[in-house]
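This document opens with one chain alone, in structure tokens, the form predicted alone.
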């Protein structure tokens, strides 16, 4: 968390603010937030006085393309969010990076747990970064069912763990993987290689509708409100979750009590009555 719908919701909000704007100043309050930068001072130096040409996303990563072939990458981690604020507005706690736009607002990176990061890459650095190993985007470039079946073939890991593997499909996290598997009526405990082609088709057919529904709601803001849209609004998908966070409640599809299990270190929510 945040996952693809939260990052894409943030990107869509920021696009008209950032694209065409020139960055006038950068303040990094905690060096940990630019830990992927080989020389931390390069982050501010590479962003300064450059115009933003485009704002893109792959998986959970946001990529701002800047003049001079610099790519400003943001990953929100577990608790990060981007905020648009006028310079005179008081900063929220845990504001760790502030990017000022010429004749415009500030983009503030708020991250209490500091698992998120920002980095400014040259083309060569980008090719060597973790982004180069990402799989196909779950929303914009989802593999067809035969290809997805081939990716899962002979895989003994639980399908839930495979959905979280960003090297296979980029963008799904704990919340939306649980929701996808519930919609597809597939147990998260099943080995990936055990799924039939029909089950893979059902799985694939569940991914985009779940992500699009989350995106339409502005993402999922949990009760801790760690994720908010850049204008401070909460994402509204929480009330529509079918299994995630509903341990002990009744499955709306079959009436069975929803259970939670720790799977590969991640709490997984599922309905043993209709997810087979």
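Positions refer to the first chain, counted from 1. Note that the coordinates shown come from a computational prediction; the quantities given were computed from them, not determined experimentally.
Another form exists, predicted together with the DNA; not displayed. Remarks below refer to it.
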*Contact of residue 196 with the DNA in the model of the complex (heavy atom, 4.5 Å)*: no
Does residue 227 reach the DNA in the model of the complex, with heavy atoms at most 4.5 Å apart? no
- Query: Should residue 78 be counted as a contact of the DNA in the model of the complex, where contact means heavy atoms within 4.5 Å?
  - Reply: yes
Worksheet item: With the partner left out of view, is residue 51 within 4.5 angstroms of the DNA in the model of the complex by any non-hydrogen atom?
Response: no
Picking from 266, 22, 253, 11, the single residue whose non-hydrogen atoms come within 4.5 angstroms of the DNA in the model of the complex is 266
Answer key: of 187, 114, 206, 122, within 4.5 Å of the DNA in the model of the complex (heavy atoms) is 114
Given 99-107, 114-122, 196-204, 83-91, the stretch touching the DNA in the model of the complex at heavy atoms within 4.5 Å is 114-122
Across 41-61, the residues having a non-hydrogen atom within 4.5 Å of the DNA in the model of the complex turn out to be 60, 61
